[in-house]
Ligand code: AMP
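Heads up, the chain below is alone and in the form predicted on its own; it's given as structure tokens.
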């Protein structure tokens, strides 16, 4: 498994930093976001180091979608959500802070007041 020694997500993937895993499969895992914007806000993270979605091999697409679906189902049930957003920031200008590909899963409820777009 590729690892970038100073990457926090690589350290979590390798078990060097402990984190509560909501979901885990061969190439992806999900953990709660350290700074959630709503209850249940979580991250789907690749176990191998890819800086952004453009670096992620297309061959991992089905497993990524499965991780998004399974994690979202878990969060909907746990937080009584009625919907969810999937957000992926690529490059600094788009808001990417950690340079390791990850997807935000944001559980939603009607009239929750959260405005992501417009």
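Numbering follows the first chain given and starts at 1. Keep in mind that what you see is a predicted model, and the values were worked out from it rather than measured.
Another form exists, predicted together with adenosine monophosphate; not displayed. Remarks below refer to it.
Exactly one residue in 39, 31, 68, 76 has a non-hydrogen atom within 4.5 Å of adenosine monophosphate in the predicted complex; which is it?
In short, 31.
Proximity of residue 35 to adenosine monophosphate in the predicted complex, heavy atoms at 4.5 Å
Flag for residue 35 set to yes.
Considering only heavy atoms, tell me if residue 89 and adenosine monophosphate come within 4.5 Å of each other in the predicted complex.
It does: once adenosine monophosphate is placed as it appears in the predicted complex, residue 89 has a heavy atom within 4.5 Å of it.
How about residue 104: is it within 4.5 Å of adenosine monophosphate in the predicted complex, going by heavy atoms?
Contact check for residue 104: yes, within 4.5 Å of adenosine monophosphate in the predicted complex.
Just to confirm, residue 23 within 4.5 Å of adenosine monophosphate in the predicted complex by heavy atoms?
So residue 23 does not count as contacting adenosine monophosphate.
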